[in-house]
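What follows is a single chain, given as structure tokens, in the form predicted alone.
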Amino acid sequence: MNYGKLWKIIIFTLLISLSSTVLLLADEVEDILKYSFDSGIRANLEGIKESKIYTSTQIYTFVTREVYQEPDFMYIEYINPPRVRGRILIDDGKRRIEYIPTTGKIRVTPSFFSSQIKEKREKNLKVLLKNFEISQLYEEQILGRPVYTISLSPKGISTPLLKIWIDKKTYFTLRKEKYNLNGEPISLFYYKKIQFNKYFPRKRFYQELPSLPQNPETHPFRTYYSLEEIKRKINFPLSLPEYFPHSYVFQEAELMGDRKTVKLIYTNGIDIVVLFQRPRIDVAMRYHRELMFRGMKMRFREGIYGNTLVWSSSGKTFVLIGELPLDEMLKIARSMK
């Protein structure tokens, strides 16, 4: 037997196998991400999703039933934990209706599939592609469906901040894991069950809601401003941070309902950090701890959707919210000018 020829055949077979399971061009991987981040829907499906949020002391778990129908319909019903059970969200491409059973209230906001929100997602994707190295890890299956497995790491850092499992046929995200720079989990979600090509008449989902009021409380689109525009709309000097971590860039500013509070939004393409400021007031805050930093009294709270740091300086009150550790938040506070 010609063993040399046999080994050549084996190696050639392995190379073909590997090339079919791993290697995609960078542009192809970016296109996959773009399709998956697109707010449109390319499938009719029903699934049970489990989401977990990690803090230093606790893991919060949520279970939802979700229905998506192309091109722009979404229904989400909370199953667990008991405190949110029965909460319902319906988005029909024109408006988003949210029902909160504990209060019996219905809130109506602009659709997640609106052109304005799609434009914001596209801007975020551009920032993400600039700040992160994107790599395809390997092929696998989730719930019997072939998926692309994609990892995003900050440029110059090997630790991934995000891993995404994307269905090959529909570009629907079936699993997502998010980490901090120490490799510790921040959040994840995955579908425990999912069935594609499932269609429901949309009207049946509205039967889960109480009767809609004649004039439900409607929240219009917010108006976003550049830094120069927001400076002209307030009557106090705007303070800006000279430091932000992990390639965050300024995204937009809002003027809040009282017309005295400015909301500055920063993003690195994956996360956002929000900085509120206004003329000095007392901010009510529960379950926090107090600390002193450079002669300033501050309050810090770790929460399910990020950390919060509150302080007052130079006649203004600041509230910083985001998925950042305390030391990074203190650096931002120290850099305010």
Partner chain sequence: MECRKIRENLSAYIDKELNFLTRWKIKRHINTCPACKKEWLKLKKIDTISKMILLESPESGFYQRLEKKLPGRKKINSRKYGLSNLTRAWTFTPLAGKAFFVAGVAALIIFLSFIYPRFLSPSLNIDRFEEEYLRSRGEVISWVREPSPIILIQEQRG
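None of these values were measured; they are calculated from a predicted model. Positions refer to the first chain, counted from 1.
Absent from the display: the form predicted together with the partner chain. The rest refers to it.
Q: Taking the partner chain in the model of the complex as the reference, which of 169, 107, 95, 233 has a non-hydrogen atom within 4.5 Å?
A: In short, 107.
Q: Within 4.5 Å of the partner chain in the model of the complex, heavy atoms considered, which of 75, 190, 244, 78?
A: Here the answer is residue option 78.
Q: Is it true that 113, 173 and 323, all three, sit within 4.5 Å of the partner chain in the model of the complex, judged by heavy atoms?
A: All of them do, each having a heavy atom within 4.5 Å of the partner.
Q: With a 4.5 Å heavy atom cut-off, would you call residue 224 a contact of the partner chain in the model of the complex?
A: Flag for residue 224 set to yes.
Q: I'd like to know if residue 282 sits close to the partner chain in the model of the complex, meaning any non-hydrogen atom pair within 4.5 angstroms.
A: Yes - in the model of the complex, heavy atoms of residue 282 and the partner chain come within 4.5 Å of each other.
Q: So, residue 253 and the partner chain: in the model of the complex, are they within 4.5 Å at any heavy atom pair?
A: Residue 253 lies outside the contact set for the partner chain.
Q: So in the model of the complex, is the partner chain close enough to residue 198 to count as touching (4.5 Å, heavy atoms)?
A: Result no; residue 198 lies far from the partner chain in the model of the complex.
Q: Name the stretch, out of 80-88, 225-233, 198-206, 136-144, where some heavy atom lies within 4.5 Å of the partner chain in the model of the complex.
A: Stretch 80-88 is the one.
Q: For the stretch 41-55, I need every residue with any heavy atom inside 4.5 Å of the partner chain in the model of the complex, listed N to C.
A: Going through 41-55 in order - heavy atoms within 4.5 Å of the partner chain in the model of the complex - the hits are 49, 51, 53.
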